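In the block that follows, a single chain appears as structure tokens, in the form predicted on its own.
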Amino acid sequence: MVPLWQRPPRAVYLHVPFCRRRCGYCNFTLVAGRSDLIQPYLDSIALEMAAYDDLPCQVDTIFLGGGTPSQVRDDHWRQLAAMLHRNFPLSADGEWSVEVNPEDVDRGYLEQLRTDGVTRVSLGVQSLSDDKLRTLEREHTGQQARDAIQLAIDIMDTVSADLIFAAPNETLSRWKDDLASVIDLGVDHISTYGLTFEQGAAFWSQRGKGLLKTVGEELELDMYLLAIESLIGAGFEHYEISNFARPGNRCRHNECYWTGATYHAIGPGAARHLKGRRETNHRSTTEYLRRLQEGRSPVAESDEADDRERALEVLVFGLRRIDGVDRDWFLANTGFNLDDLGGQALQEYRGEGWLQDDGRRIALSRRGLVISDSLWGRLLAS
């Protein structure tokens, strides 16, 4: 039995770090207002790909995230697409996702994506409320988001929308309206995220100075539960803590992460999982470019864990999925008995009602879902 973490990769993530501006809540790896770096970036990812000895590598999923991948257009996009076709040819029924901002959407751009093989766009909608969008410092309006969704549905195979809840001053009623409006537009997939305040982001310091009025934990929990109720009621499957899909429209690339599979990752800040080793490229885009142009490795961090530690990762990732983890599947794909591996932590989680267990599989209960982030540390330390 070859464990999951030693199997050949069937997925690739490409990080595109360009944005017009940085939103107040964002601490992602990106550069704002630096379109002059797009060509050096393309040259550098070509160098990074050339350094791998297993390319070309056929994959089942490609995911372009950011940043804002839709900032790379026209000739630059054609260069990027050609590199991906050459180094990561997509299988016949493969999924190719690109994150797109609503203000970047036009018919010509989406038709170019489709022509080049993109099957799925993930729109950074965040809200359809102009007031909330201004609070979140987004560039688009609610109407631009609606228009972008409708155009994408007309052209692309699959359309996903990201939504943020628990924005400053947001009410449960306004969040309900956001959900209902996006559902009514007919997207195939919705991801919902509670607003987080990350050190290094502008909102972090603004909150510290009392300039942002945040919602309380109880209201944020009510918003999350409302999302679950509304989306399931509208026919979506709740298949991961933050993700909902109409039947047949789950994000296959993200399921690669949640099942512990291996994958390539290219670009600044990109984190890969290959041959049991996790590596993360330098988060600074300029340092990433400099290293590659000087013939040096872009890797800033690496971690080579033993089989037991990797199996625990598979267990934690698997519990993010609403379906949970099947005992027979886990043993066949990791070589470890799930109950022996999870030990006392799993017993405690069952006793507290945070886990459901039907004898075949374990999964987070509704109570477990809402506190899931607090459960992983104890489990990883088992």
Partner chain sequence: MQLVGLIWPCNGLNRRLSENLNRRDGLNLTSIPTKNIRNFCIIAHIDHGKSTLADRMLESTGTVENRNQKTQLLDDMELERARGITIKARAVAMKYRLGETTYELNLIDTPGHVDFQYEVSRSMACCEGALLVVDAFQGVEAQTVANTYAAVDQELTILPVINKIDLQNARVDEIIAEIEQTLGIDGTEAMPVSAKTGVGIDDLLTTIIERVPAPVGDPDGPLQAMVFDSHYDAYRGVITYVRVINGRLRRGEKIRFLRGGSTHELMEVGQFRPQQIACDELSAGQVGYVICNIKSLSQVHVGDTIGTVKHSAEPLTGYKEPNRMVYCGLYPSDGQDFSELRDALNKLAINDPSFEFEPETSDALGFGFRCGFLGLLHMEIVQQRLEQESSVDLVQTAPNVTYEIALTTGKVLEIHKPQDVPNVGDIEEFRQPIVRVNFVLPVEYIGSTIKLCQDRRGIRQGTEYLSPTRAMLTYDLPLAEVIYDLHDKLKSATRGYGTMDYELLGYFPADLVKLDMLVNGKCVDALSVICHRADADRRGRAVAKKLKSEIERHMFEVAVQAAIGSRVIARETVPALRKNVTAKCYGGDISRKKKLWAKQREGKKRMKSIGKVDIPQKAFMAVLDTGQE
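What you see is a predicted model, and the numbers here were worked out from it, not measured in a lab. Residue numbers count along the first chain shown, from 1.
The protein also exists as the form predicted together with the partner chain; that form is not presented, and the subsequent description refers to it.
Work out which of the listed stretches, 254-262, 84-92, 284-292, 128-136, brings a heavy atom within 4.5 angstroms of the partner chain in the predicted bound form. Stretch 254-262 is the one.
Of E237, D104, D188, E220, which one comes within 4.5 Å of the partner chain in the predicted bound form, counting heavy atoms only? The option sitting close enough to the partner is E220.
Interface residue in the predicted bound form among D307, D147, D303, D177, criterion: non-hydrogen atom within 4.5 angstroms of the partner chain: Of the listed residues, the single hit is D303.
Contact test in the predicted bound form: A271 vs the partner chain, heavy atoms, 4.5 Å: The answer is yes: A271 has a heavy atom within 4.5 Å of the partner chain.
Going by a heavy atom distance of 4.5 Å, is F28 a contact of the partner chain in the predicted bound form? Yes - in the predicted bound form, heavy atoms of F28 and the partner chain come within 4.5 Å of each other.
Can you work out whether I241 and the partner chain are in contact in the predicted bound form, taking contact to mean some heavy atom pair no more than 4.5 Å apart? Result yes; I241 sits at the interface with the partner chain in the predicted bound form.
Proximity of Y193 to the partner chain in the predicted bound form, heavy atoms at 4.5 Å: Yes, Y193 is a contact residue.
Residues from 362-382 in contact with the partner chain (non-hydrogen atom within 4.5 Å) in the predicted bound form: Result: L369, V370, I371, S372, D373, S374, L375, W376, G377, L380, A381.
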